[in-house]
Every structure is written in C-alpha cells, then in structure tokens.
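The chain below stands alone, shown as structure tokens; this is the form predicted on its own.
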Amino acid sequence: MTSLVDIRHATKRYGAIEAVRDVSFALQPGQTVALVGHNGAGKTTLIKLMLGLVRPTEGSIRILGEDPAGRGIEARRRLGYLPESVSFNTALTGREVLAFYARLKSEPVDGIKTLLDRVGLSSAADRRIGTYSKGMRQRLGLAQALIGNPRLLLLDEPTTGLDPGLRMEFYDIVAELRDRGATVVLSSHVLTELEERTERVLIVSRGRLVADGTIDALRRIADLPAKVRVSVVDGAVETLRSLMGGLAAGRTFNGHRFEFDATASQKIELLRRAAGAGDLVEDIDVIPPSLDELYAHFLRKESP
C-alpha cells in the first residue's frame, strides 16, 4: 500500500535549535493517529512540515507522493488543517468564511450548507464571527478543515472549547472520515480522549520520535503493570490479601476494595487467586496502563 505520508530522516533547525531531529515514519490511508508530546517537543513543527509551511533542513517529506512545500498544489488541496488557535475575520459571517476557503481550494461553494449542518452552525451561518463563542469558532474551524473531503486531516487541539456532546460528534466525524480512507492526525494534551479513538500513537520528545505503535504494542514495549481492582464483601479484604500472598502489595479503599499492581507474568495467577475467593468477591476489574502512563514512561526513558 502506498503511504499517504512518508517522512524520512526529517530534521528542522532554527539556527542552533533543532526543533525536529531525524524523524522517520509513514502513515497509511484510513488511520487515526495521535501525535503527542510536551510543549516544545516538536509536534507543531512536524505539522508545519507536513503542511509544507516549512521545509526540512535535512531529510524528505512526501504527502500523496508530492513535496508539500513544492510547486505542486494537489497535495495541498487534499490537506485539511485545524490550528490550535482558530482566528477568523470577525467582520465576516460563518458562511462567508467557508466560501472564502472553498474558493482557495477550488472547491464548489454549494457544499457549505452541509458543512455548517455537520458542525451544528446552521442557525448561526449568517451571523458575524465577532458574535461567535469560542466553541462556535472552533466548530467553524473544523468545518473549514473538512472542505474538499481531505485525504489528510491535521488537527491541533481540536476539541478545545467544545462541550462533551460536541466532542462526541467531533469524534464521530473523525471516524467517518477514517472509514472513507482519510488519515487523521490528532495532536492533543487530552490523552484520555485519544486513547480509545486512535489506532496508532506517535510520541515526540525534544524533537525526536521516541515511540511509535498501537496502544497494545506500546504497552508490551513499556511492560508497565496493570491495575487489578477487586471489590469484596464487607470484612473480606484481609482474607483476600492473604490469598494474594507475596505476589502483590495491595492498597485498600473504603474497606471493601483491594487494588494491586500486576505485571504481565503475575496477572493470570493473581486473577486466579482472586477468583478463588468465591462469594467473597463482588467484582474484578483489570485496568491496563493508560496512554498518560505510557507517555510518562517513554518521556522518562528519554530524560538524561
């Protein structure tokens, strides 16, 4: 399968500062990818490289087979971008803003109504942007990014200012685009949102790509313990603790819940012992390492 994004040994320097250092990865059509890292890690520079706003100092960038910073325009027409800070001319209406960007992409303006409906702005289409709330401007920015059914969608902190209901609708749109074969790159500090909605995670630190894989693959590499939570009937915590023996140092909560960490090699045996408590056990939950924990782990490995 031909890669939609192909980045090879990309380095970007600004004077003595290396914002991106020898980064290589390829993205296939129909993927949802999380791009995560601390402030100043190089995420925004990587996005700018993919957009063609800056050129790599070394290495190569190909989007749909083209250099996005080159003279060809087809790759740029197939890109959608939502920046972290959305800003539009406040004197224009929402409909006028989308018409302007549609013409920039050589796309027909008759699809604007559908886009406004899609992001819940139909009733505000002819209001000036200056009257929009932050959440409304964010939704308009998303509509702008969707013009032309992009093959690659780059979204930087896309759910900022959206209420929980609109966040769910936003991720429904992302899933629909992915199912149509688009690749969606989400850059966000809200890792709990990304964990269940992305097939792949790219973690950057100090300009370097320090981890790349599915959540399950990163869990195997990190080999962090899972949390096992066992709810027991009143007064049975010590019985359960004795059943665990020396396998786990547990923590007790509210007198009826026992939580312990389990490595991959311990997990099955600990679950077997907990299940052996019979009617004393009311519930068992196994919680694998979260994306927040994986992110912290890989960043610690990079620290001097």
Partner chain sequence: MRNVLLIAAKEIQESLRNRWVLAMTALLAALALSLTFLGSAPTGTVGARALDVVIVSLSSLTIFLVPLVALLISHDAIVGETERGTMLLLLSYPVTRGQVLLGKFAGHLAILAFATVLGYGTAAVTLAATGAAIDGESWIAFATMIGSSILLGAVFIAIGYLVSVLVRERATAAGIAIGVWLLLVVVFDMVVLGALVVDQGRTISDAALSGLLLLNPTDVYRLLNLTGAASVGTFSGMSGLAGAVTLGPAVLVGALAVWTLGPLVIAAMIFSRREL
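Since the model is a prediction, treat every value here as computed from it, not as a measurement. Numbering follows the first chain given and starts at 1.
The same protein has a further form, the form predicted together with its partner chain, not shown here; the description that follows concerns it.
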For this chain shown on its own, do Leu53, Val86 and Leu104 all sit within 4.5 Å of its partner chain in the model of the complex, going by heavy atoms? yes
Pick the stretch from 207-215, 117-125, 191-199, 74-82 whose residues have a heavy atom within 4.5 Å of its partner chain in the model of the complex. 74-82
Heavy atoms within 4.5 Å of its partner chain in the model of the complex: does Arg62 have any? no
Even though its partner chain is not shown here, does Arg257 get within 4.5 Å of it in the model of the complex, heavy atoms only? no
Exercise: Ala182 in contact with its partner chain in the model of the complex, heavy atom 4.5 Å: no
Is the gap between Glu169 and its partner chain in the model of the complex 4.5 Å or less for some heavy atom pair? no
Let me know the one among Leu224, Leu162, Leu177, Ile147 whose heavy atoms come within 4.5 Å of its partner chain in the model of the complex, would you? Ile147
